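Given next, in C-alpha cells, is a single chain: the form predicted on its own.
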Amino acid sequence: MTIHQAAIKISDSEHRARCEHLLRYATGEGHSGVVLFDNYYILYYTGFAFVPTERPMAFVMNSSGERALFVPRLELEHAQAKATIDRVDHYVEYPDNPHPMELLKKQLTSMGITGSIGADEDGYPWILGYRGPRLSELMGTIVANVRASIEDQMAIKSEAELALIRESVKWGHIAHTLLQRYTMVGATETEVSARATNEATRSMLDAIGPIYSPQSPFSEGASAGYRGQIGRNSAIPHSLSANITFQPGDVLVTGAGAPIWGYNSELERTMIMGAANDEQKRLFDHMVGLQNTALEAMRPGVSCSDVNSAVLSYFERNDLMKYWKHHSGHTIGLRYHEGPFLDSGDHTPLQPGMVFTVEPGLYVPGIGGFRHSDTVAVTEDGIEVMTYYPRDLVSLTLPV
C-alpha cells in the first residue's frame, strides 16, 4: 500500500512552522531578516523545488515573518504555483541591466531588511558562470552565516518527513530487487541498471499516480545501479559508471533509492557473482560485523563520534585498518548527504528524528569493496532500521 495523498508532501502548515523556527533564531540573533540562496534550503522552507542555474534565486524573510521569493522571469509562474509564500518578486534575466542583485536590494529594502542580515552565503554562489556582488557590499551591512542553525533544524525529521523517507525506502527496495534479478554474467552495468531503474519507476508511477513529484534536480523516479563499483573497481568507494561487463567472481557494490517529494533514502548491498571464495567470505562477514557494531552503538544521546569509535575499534581488533577509507555514515533527507556525520570529528549527540545511512566499508585492492548501507532513524528509545533488504551472503550470491 502506498502513502495516502494527504501525506505525500509536506503541508503548508509545516512549512510555516519551519519558517517560524528560523525566524525565532534570526530575530534572537538581532537580524533584520534572512536571505537564503541554497536550493535545498529554499525547498525546505517553501516547498519550491527548482534547478539552480546562473540566474540568482533567493528566499527572503523579514523580522515580521513576511516570506518572499526572488526569481528570474522564467521561474515566476512556477514559484507562484508551488511555493508556500507571501509574495514572489522577479527580474527579467541574467545577465541584464540592472544586475539582478540590484533588484534584490530593492526587495530587501522594501521589506525592511536593512540592518544585520542572516544568510547562508554572502551573495549568490558563483555557479555556472554567475558573477555578482556580495550581499554585504550590496546592502552595506553585516551578513552573518546561519547555515549551522538551518542544518541543525533540518537534521531532526518530522513525522511527515519520516513517512516520505519510508516511502522512498520501499521503492528503492523494489528497484534493487530488479537490479539483482537482471544482473548476470555477460550483461553490462548500463543495460542492467537502466532496465531495473525504468521498471521500478514505471511501477512507482502506476502505484502513486500522476500526483507523484520527485522534487529532485537529479532523478525522476526510483533507481538502482552500480556506478562502476564492479570487480576490482568496487574497491573505489566513489567510482563512476564505465559500462563494465559482469564476470564470474566479481564483487559488486550497489546503490538504490527514490526521491519522494524531495526526500531520499539509501540502500546499498555487496553481492558476489557466483560462490564466494574464502577471502571474499571473510571480508563479507567482517563488513556485516562492522555494520552491526555501528547499529548496536546507536541510541539517543550517544555522540556520532562514539558510534564511529566503536566501528574503528572493530577495524583495529581485526587488523582491518588498512582497508578503511571513510566514515561510518551520514544523515540523509532532502540532500543525499547531510550532517551530522558518524565520524571521529563530529561530536553531535544522536537525537530522535535524525535519519542516518549506516555504511562502514572495507576496500581491498585487487579483490574489491564490501559495503552495505542501510537507512536508520533514531527513535526515542533506540533506532528503526528503515531499509529491509537481505544482508546475508546467501541472499546476495548471484548465479553464474
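Don't overthink the numbering: it's just position in the shown sequence, from 1. Owing to the predicted nature of the structure, the values given are computational and were not obtained by experimental measurement.
The same protein also exists as the form predicted together with a further copy of the same chain; that form is not shown, yet it is the one meant from here on.
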{"query": "One residue of G274, P237, G289, G115 in contact with a further copy of the same chain, assessed in the predicted complex (non-hydrogen atom, 4.5 angstroms)", "finding": "P237"}
{"query": "Listed residue that, although a further copy of the same chain is not shown, lies within 4.5 Å of it in the predicted complex (heavy atoms), from G140, P248, G186, G129", "finding": "G129"}
{"query": "is_contact(Q351, a further copy of the same chain) in the predicted complex, heavy atom dist at most 4.5 Å", "finding": "no"}
{"query": "Exercise: H327 in contact with a further copy of the same chain in the predicted complex, heavy atom 4.5 Å", "finding": "yes"}
{"query": "a further copy of the same chain contact at F37 in the predicted complex, heavy atom, 4.5 Å", "finding": "no"}
{"query": "Exercise: L74 in contact with a further copy of the same chain in the predicted complex, heavy atom 4.5 Å", "finding": "yes"}
{"query": "Options 265-273, 174-182, 206-214, 159-167; stretch whose heavy atom lies within 4.5 Å of a further copy of the same chain in the predicted complex", "finding": "206-214"}
{"query": "Complete contact of F50, V92 and R202 with a further copy of the same chain in the predicted complex (any heavy atom, 4.5 Å)", "finding": "yes"}
{"query": "Residues within 4.5 Å of a further copy of the same chain in the predicted complex, restricted to 321-347 and counted by heavy atom", "finding": "W324, K325, H326, H327, R335, Y336, H337, E338, G339, F341, D343, S344, G345, D346"}
